[in-house]
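Okay, here we've got a single chain as structure tokens, the form predicted on its own, with questions on binding and movement later.
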Amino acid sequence: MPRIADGKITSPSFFIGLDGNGIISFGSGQPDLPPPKEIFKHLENQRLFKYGLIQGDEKLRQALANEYPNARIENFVITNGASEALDLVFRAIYQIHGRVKVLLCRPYYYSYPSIVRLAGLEPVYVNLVEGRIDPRDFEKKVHDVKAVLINSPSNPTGRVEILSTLRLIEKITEKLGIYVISDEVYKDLIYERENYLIKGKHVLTVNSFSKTYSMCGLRVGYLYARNPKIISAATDIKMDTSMNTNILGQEMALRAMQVPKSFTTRQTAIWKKRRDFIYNELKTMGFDLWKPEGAFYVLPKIKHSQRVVNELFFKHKVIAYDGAWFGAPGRIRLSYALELAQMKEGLARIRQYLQGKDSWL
């Protein structure tokens, strides 16, 4: 998909990495908070600049194994962010099972359908109700698929799945022998309860250090699976495509895991305060939206969303993402991963833009 066509922005890739010149970005989900200071010390070791194990540094995998019940280091592959982990998972599934169907929740993270298709698989969709999975729709569609992708807390909705729904998914997929790919990159950014770790022998967990530790640019993530065929296939594919993940980044990720839990607790408190601010401001402005329970996104309704995204950027220097990119036309996604002062200025510009457009909300 081109980034811009006929003067209209058609893809989030137009905005990624774009800043400066007075731009206020509610776009990319990149934390503005600093990473742990402990990760930067004494990085002169030449080992950190050489090739490493394709499956990932053993110390980092052992540290991750300590975080999961009865896990072992051979259950992990360290990847170039969660995106590569997802790519490897779906290509491994294709290698083992051929062209099968994958159930995605809609709205979805914008790259999910493309990653599935590029792996040679077919995406099908369960529509969300109030931002959460409809168990009845899920039960109706899950029998025709080989894998299900769950993202809770969700990008773009910010919603956290109900515990009873997650347990139902566990039960059904275990009975049918269906993979559950659990994208948990926001698991440490939940405001209402603790994260629920989906369990079962068919569960494939994907995560990264980007959101929890503000390490997006280092591109360090991982795949965790008890299925040795998936791990073996993913490792072989990685060897032929990207080789090892950034060794320096893996060392910094290992150090991040060693910081006190209070680091993430403080970060989450900041996100919750920002969530409350942007949600209340948007409601006051007349927007209809779900209240996020995790991550750092809101997905308010607005008519003519493509036009809104274009005019906000070209006329007011405000970046917002078109809900259509996430399978949710008639909405825009706003990230609140930015300082409060910038958020206030950006919302003021949106308020100015909406003057005389009350019927759009």
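Numbers follow the displayed sequence, beginning with 1. Predicted model, so just to flag it, every value in this text is computed and none were measured.
This protein has a second form, the form predicted in complex with another copy of the chain, left out of what is shown; the following refers to that one.
- Proximity of Asn70 to another copy of the chain in the model of the complex falls outside the 4.5 Å heavy atom cutoff.
- The closest non-hydrogen atom of Thr212 lies beyond 4.5 Å of another copy of the chain in the model of the complex.
- Under a 4.5 angstroms non-hydrogen atom cutoff, another copy of the chain in the model of the complex has Gly217 among its neighbouring residues.
- Shown alone here, Gly20 lies farther than 4.5 Å from another copy of the chain in the model of the complex, counting heavy atoms only.
- For a residue to qualify, one of its non-hydrogen atoms must sit within 4.5 Å of another copy of the chain in the model of the complex; all three of Gln46, Gly52 and Ala119 qualify.
- Stretch 242-250 is the contacting one of 193-201, 264-272, 242-250, 174-182, since its residues have non-hydrogen atoms within 4.5 Å of another copy of the chain in the model of the complex.
- Interface residue among Ser114, Asn127, Asn280, Thr165 relative to another copy of the chain in the model of the complex, by the heavy atom within 4.5 Å criterion: Ser114.
- Residues Asn80, Ser83, Glu84, Asp87 of 67-90 are found to place at least one heavy atom within 4.5 Å of another copy of the chain in the model of the complex.
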